[in-house]
Each structure stands twice: as C-alpha cells, then as structure tokens.
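Single chain ahead, by itself, as structure tokens, in the form predicted on its own.
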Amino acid sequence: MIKRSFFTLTKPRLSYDLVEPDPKESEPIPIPSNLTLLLNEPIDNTRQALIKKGDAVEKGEKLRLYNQSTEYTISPVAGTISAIDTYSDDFGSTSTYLVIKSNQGQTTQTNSITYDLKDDIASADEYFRTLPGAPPLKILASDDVKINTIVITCSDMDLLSTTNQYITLKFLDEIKEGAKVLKKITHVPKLCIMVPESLNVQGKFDSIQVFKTSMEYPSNLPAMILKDHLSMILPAGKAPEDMGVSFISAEAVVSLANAYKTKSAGFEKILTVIGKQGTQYRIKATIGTPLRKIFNAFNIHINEQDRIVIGGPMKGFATYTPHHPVQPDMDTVMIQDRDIIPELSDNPCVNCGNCIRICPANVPVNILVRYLEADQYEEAADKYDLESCIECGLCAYTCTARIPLYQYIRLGKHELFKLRALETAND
C-alpha cells in the first residue's frame, strides 16, 4: 500500500455553521401512534424468536430477536408490536425493523422501566446503546479494544447542522455530569472535549482538556482531530478505536448523565431539519418517529423525486421514503426540491485535479475512481489508497465532471470489506 503524507494541498473553503448565540428551545413533536425501531440483526427463520407480532411491550423494555442476540433496541413507548420485517440499508445489507403501536393513554402516564445499574461500562452497554446521540458503549465495553482517550464532540461533523453546538449551550451542566459518569464507568485515563473556536464555552469545562476546533470544514472529522490535536495519523483502513481513541457526541454524554440519574433510558432526540428554502428547524422527537410526522408539523410538502438526506450536504445519504424513522445518531435531515437537485453524471474524469488539491489525505482520487468504476476494489486499496480516504466529501463537491466520487468511495469500501470477509471465511 502506498504511504502518503497526511496534509491538505489546498485549504478547503467551506465553513461550518455557528449556532445562534441564544437559541430558542427545540420544537417538540408529539409521539405518533406508530414508531419504527431499527435492529441491526437480520431475521433468521430457522431460529425461535423472542418477540413476535402482537406482543405487548412496556416503555423502556429491552427487545432482542433471539436468545443469543447481542444487538437490541429499547421501546420508547408502551404498546404492541404491530409488525416485524426485514429492512435493507443503502448498501443492501439486511437488518430488522419493528413497528410499535403506541398505547397513547399509557405512554403519557407511564414512567420508563428502571434498570439495575452498576457503575461499570458493561452495565451501561447492557441498557443504553440506543440513547439519543448513540453513545459508543459497545466499543467502550469490548474486551478486544483498549480505549485510553475519549473525545466529547461539541462540534458538528457536517455543514449546516448545529445540533451538538445547541446541546452544548443548553445542557452544559449535564455534559459536565455526563463526563464524570464516563470517567467513572470506563476508567479511561484521558478525557477531552472538542468545541468550535467561535463558540464561547471553552473556559467552562473545569479540568477537562479542551480542543478548540477550526470553523473550516473538515476540521471536526475524527481523522482531523487525531491529526491536529492528538498528534496521531490515522493509518489506512483503521478506525480511531484502533488507536485507542473513541469519539462520543455531546448529546450522548447528556443522555448518559440523565440515564444514570433516573436509572432509565431516554428517547427524545434533538435534530436540525433544513427545509427546501434553507429554513432551519430545531426539533425534539421520540426515537422511531417517522420523518413525515416532522415534515407535516412544519408544513414541508414532499413531492415525488424530492430528495430527503439524512445528515449534512457533505456526508449525508438519501433515504427513499419519508417514513424513515428518527434514529439515535440522526443529527440532521435535509430536504432538497426535485427542481434544484444538483445533477450527477456518467461523464469521464477530465483530470482537472480539483479532487487531488482539496483532499485532506492526499488521495489520488482521479485515478482511484477509475478503479472503483471498474469494480477493482482490491487494486484501488493496494495501489491508490482507497482506505486512506476520511470520507469528507470534498472531492465530490469540487468535481468538474460531477462524478459522485464520495458515493463511489463509500461503495468501494463496502465491497472491499465484503471481499475480505469472504476471503477470511474461505481460508
């Protein structure tokens, strides 16, 4: 594999949005009659399931498919399972979705189940993986991963979103309390917090080391934080956890603080919704709420061929349905009108060099994409640094030929993972 220096040849000219100085409270979305929960495990018809259609569930109940299942979800309402079926993600991998029909009378009156918590990471991982903000408890609890640094992210990863900045301003005390909980249950020696340099909270985190991150994209991405603030270069094909560093969002830290205080799970997710005209709405919705319920609340009409993007303009992915549910890690949702969606093309690369000059990892994208178009994924990794890409999306943003470079790279990594898994299974 080619070893390349990790620096930016051309400085990106895109800036993160800064949250307003005194943001209004988020708009609550009423709990719908049906909520959809995604479970990262496929249905296996040869096994006896623990849950089935028609089962009653309690608010806060832990739901697993099978006895040996390590994946689970938590019901945010009291109600009945009205459907269990297969769900395919954007790369065709199958998992499972559950539809919970809410008992509206009980949901508003019944408290969530309380858990028998212990002050250790295994106990937290047993109940709180699906908290708002999606804390990386599975990684922190793994015996195969040794984490020695946790970075709390009060910055937003993508453009246009201000969700984590908003949470930082509104729930500063809870972030401090959540940091104490993290320290106590993980015993991780180093705890840091990253805050945008323009957000006036840097001096308010007591003894926690603060990283002041630039407002220029992509400075908030994990690979850039490792490089700029921890003096680490992320090796090709590796994740921050492989280097002993775990990132956790401000919202996840707040959720942990509240969960340990109440000994129960929370379900209200804060996210930024961006309408067709660029109008931003900050909302609070129960995990599992279909996106169409949010759109209806703000009179956002979705036409056929409009694009719904989960995430920001650089790293987001489109969903084919307005019924897609709010998820624990969902910070931003964008709606693009069908008449102004930028067109992509099948045009060949014109070798303008924009993608190379702007790439933070100095990947030769113009040559890499030729191998990806030809489905030569192993060659793309071995010869042209596919796995060095930090997935910032700047190459696609600057592409003169309008080639969907970011999507090619994500697909290439996915296919490469499948090839290697197959090779391992055949050994």
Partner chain sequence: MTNNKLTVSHAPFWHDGDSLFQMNLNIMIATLPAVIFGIIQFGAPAFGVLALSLSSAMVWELIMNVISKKKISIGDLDSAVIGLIFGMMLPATSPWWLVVTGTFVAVIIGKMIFGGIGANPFNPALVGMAFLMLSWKVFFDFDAAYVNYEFDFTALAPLAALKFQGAYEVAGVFPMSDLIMGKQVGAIGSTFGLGLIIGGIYLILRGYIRWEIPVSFIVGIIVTALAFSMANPDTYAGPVIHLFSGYTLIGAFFLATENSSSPVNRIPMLIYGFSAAVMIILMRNIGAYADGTVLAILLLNVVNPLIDIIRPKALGKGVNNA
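Source: prediction; values computed, not measured. Residue numbers count along the first chain shown, from 1.
Just so it is clear, the following notes concern the form predicted together with the partner chain, a form of the same protein that is not shown.
Exercise for review: Pick the stretch from 63-71, 45-53, 396-404, 25-33 whose residues have a heavy atom within 4.5 Å of the partner chain in the model of the complex.
Suggested key: Answer to the contact question: 396-404.
Practice item. Find the only residue in K183, R357, R282, K276 having a heavy atom within 4.5 Å of the partner chain in the model of the complex. Key: Flagged contact: R357.
Exercise for review: With the partner chain left out of view, choose which of A265, V151, L221, M314 has a non-hydrogen atom within 4.5 angstroms of it in the model of the complex.
Suggested key: Among A265, V151, L221, M314, a heavy atom within 4.5 Å of the partner chain in the model of the complex occurs only for M314.
Review point. Quick one: is D382 in contact with the partner chain in the model of the complex, heavy atoms, 4.5 Å cut-off?
Key: D382: yes, in contact with the partner chain in the model of the complex.
Check your understanding: in the model of the complex, does K238 have a heavy atom within 4.5 Å of the partner chain?
Key -> So K238 counts as contacting the partner chain.
Practice item. With heavy atoms only and a cut-off of 4.5 Å, decide whether M334 touches the partner chain in the model of the complex. Key: Judged by the heavy-atom cut-off of 4.5 Å, M334 is in contact with the partner chain in the model of the complex.
Point to revise | Non-hydrogen atom contact D90 with the partner chain in the model of the complex at 4.5 angstroms | key: Heavy-atom contact with the partner chain at 4.5 Å: present for D90.
Practice item. May I ask you to list the residues of 299-325 that have any heavy atom within 4.5 angstroms of the partner chain in the model of the complex, in sequence order? Key: Contacts from 299-325: I302, N303, E304, Q305, D306, R307, I308, V309, G312, P313, M314, K315, G316, F317, A318, T319, Y320, T321, P322, H323.
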